[in-house]
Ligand code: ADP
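In the block that follows, a single chain appears as structure tokens, in the form predicted alone.
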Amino acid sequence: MNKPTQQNLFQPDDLPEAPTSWERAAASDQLAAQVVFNRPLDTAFHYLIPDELRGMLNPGQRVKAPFGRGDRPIVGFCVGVGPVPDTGRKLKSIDSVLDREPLLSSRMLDLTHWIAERYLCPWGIVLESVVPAGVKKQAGTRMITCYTAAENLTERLKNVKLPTKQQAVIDVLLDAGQPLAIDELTEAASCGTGPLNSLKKKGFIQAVRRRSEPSATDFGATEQQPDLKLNEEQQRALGTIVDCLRSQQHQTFLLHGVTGSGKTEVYIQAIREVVSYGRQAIVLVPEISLTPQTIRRFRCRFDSVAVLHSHLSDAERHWQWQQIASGAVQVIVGARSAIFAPAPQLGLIVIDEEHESTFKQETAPRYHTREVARERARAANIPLVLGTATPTLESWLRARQKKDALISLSRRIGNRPMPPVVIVDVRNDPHITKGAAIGRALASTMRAALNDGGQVILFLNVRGYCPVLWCRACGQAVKCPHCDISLTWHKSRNVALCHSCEFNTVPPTHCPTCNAAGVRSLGVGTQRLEQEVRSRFPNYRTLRMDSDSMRKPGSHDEALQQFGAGDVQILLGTQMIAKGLDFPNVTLVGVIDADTILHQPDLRASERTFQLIAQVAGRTGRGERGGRVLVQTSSPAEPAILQAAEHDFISFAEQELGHRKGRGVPPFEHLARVILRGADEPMVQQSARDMAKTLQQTAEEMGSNVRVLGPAPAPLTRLKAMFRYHLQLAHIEFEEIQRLWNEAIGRFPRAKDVEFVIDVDPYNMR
């Protein structure tokens, strides 16, 4: 977790004069800019625009302006230009403008302002986060020397006879109407640099410096393929979306289709309609590096597809950004941050696997991509399509309440049956009780599937070799010295690693608590599972996919290509193999431990368990050979597991919604979670109490019935050497929470060395 934003970095007398009224302009033709900074401040500050910068500055560009004690110039975003406000005090001036063109359009500025208000985050922090670093520093460009025609050149040359080469240079520059780089100019004029030097000495051309444009990057062209023939359900789904496109109206569609029902083909043909209008589409996927099949599908169906993901270099990302902004790209495929792609002719937004928790940003600004997409689509008056086999309960409830339109795909392509799911109770399994990961039933079913020429996928959502190092003498787990988390043994690197702060050490031979010898390893991670599979099935090639084994760029794609080609017979890994994979020869999926998420202290634990089982089960039975699923669990009677085995999302959703409504938790109420942290636990605890008291008093004064829950120690009380306490604000209307927070934030007692953050609609409750 990144360091939370500090709320008490600046005192009021450190700051530039804040504006009092933008409308009360001084009787002057001077202009002022509104500037916001990447600071925990909710204020936009006014600065004078010097005469030499007038005409160069527009909203969406970055500037340098004096700020704080000593008037040190720092970078901020201009969000408005207008008359000088009548503040009664002299305003400071902008030092410089950093961008030739705005990095954000007026519509994107509006969207970022909405995010700041909706997620209670300063606007400057939002702006800083939505523009990629490579774009801000113009990665892939460099300063080069160019030549341009001198002023009034045509008049000056009326009675001048130039040598042929020099005249060719002049003709090229006049035709171009803009500065040209030396190599461009000499090539176009078919000359060397001598004529340029002569013209420069005569004053007929001038040397200027400018940035070169980033070069194009080869992202792998693919052979174009025709659209597939849709079945009746797909055709009906497509028709509903296309009708909305043609009526030029905003509507959110929940495309609920079972795994293998052809949702992606519906997206593609809806985008085909959008592209035919000369417009663009954004397609968001949970983790771009894990879905190479999806990318290839789009690349072989459209002429120009941009891909935005974390494995791109800054220069590549900058080039993609420019191509998108120019309108040259038809489809933008990307992960969470691609929702901010600068598509000028946006016509459709699609979120694939909308249930995935990775669509929630866990650092400031803590937005949910689905809600940002909803707002962007509403402002642009275009459709938003949310596709999944296992919708979030938030999306399902909206569809049930008719706030969003529900489109259902109830059958797989070719009417293939859903794979049968067998729940295996492993509490008394002789293999499991002896410490194995694969029980007797799963082992025999794997052997039969492999002998029959099929492929197997094994899912385990725990990486490393063993998740717990345990002392038999005192019964304590070996924990991270900085976090309340057990160290995980990674055998391949021979380290005991904390998966929160990345602390690592040599696995201890003696207990750090009681110094007894004989520390044991407990539990199974993907590394240990891989070792067991290789030992029990030595004649079949095994491949592990998790964040430890897939570190090298392109490794995901390479691994999946090997599996798709049949070079690998057993694929095992974490949740990265539970989505986006379509391999017809997979005839068996094994869930090693369905209980890893189920028993976590999280209100969404049952929902996530259902989603994971249903999604990983959907990786089989996609070909003519069919398939089956075995789910190993110690909780065979758990409703989420039973209903996932029946592929019965509707029954699960209705039952879970009933539980949630009775408890007054999302999606029936909004939550905002406040986390306080510091090195001194009593001080953090007291600050949390003071904050809760202030919120309760403010709510009473306002007549608000927002519930203040807590404070209490966070489930993960110590993280990265910081103690953590949290409290929650709950109400059926988010606007009430927003109103209370904005009223109370200025009243909180300031505690030195205690930081706090607020997370609206939190997903991670640890």
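In this text the structure is predicted, and so the values were computed from the model without any measurement. In case it trips you up, residue 1 is the first one in the sequence shown, and so on.
From this point on, the text means the form predicted in complex with adenosine-5'-diphosphate (ADP), which you will not see here.
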(request) Can you check 244-252, 626-634, 92-100, 260-268 and let me know which stretch has heavy atoms within 4.5 Å of adenosine-5'-diphosphate (ADP) in the model of the complex? (result) 260-268
(message) Which residue, 337, 500, 643, 231, is the contact with adenosine-5'-diphosphate (ADP) in the model of the complex, using a 4.5 Å heavy atom cutoff?
(response) 231
(request) Sort through 413, 170, 511, 74 and report the residue having a heavy atom within 4.5 Å of adenosine-5'-diphosphate (ADP) in the model of the complex. (result) 413
(message) Just checking whether residue 622 would be counted as a contact of adenosine-5'-diphosphate (ADP) in the model of the complex - the rule being heavy atoms within 4.5 angstroms.
(response) yes
(message) Is residue 582 part of the interface with adenosine-5'-diphosphate (ADP) in the model of the complex - any heavy atom within 4.5 Å?
(response) yes
(request) Answer for residue 297 alone: is it within 4.5 Å of adenosine-5'-diphosphate (ADP) in the model of the complex, judged on heavy atom distances? (result) yes
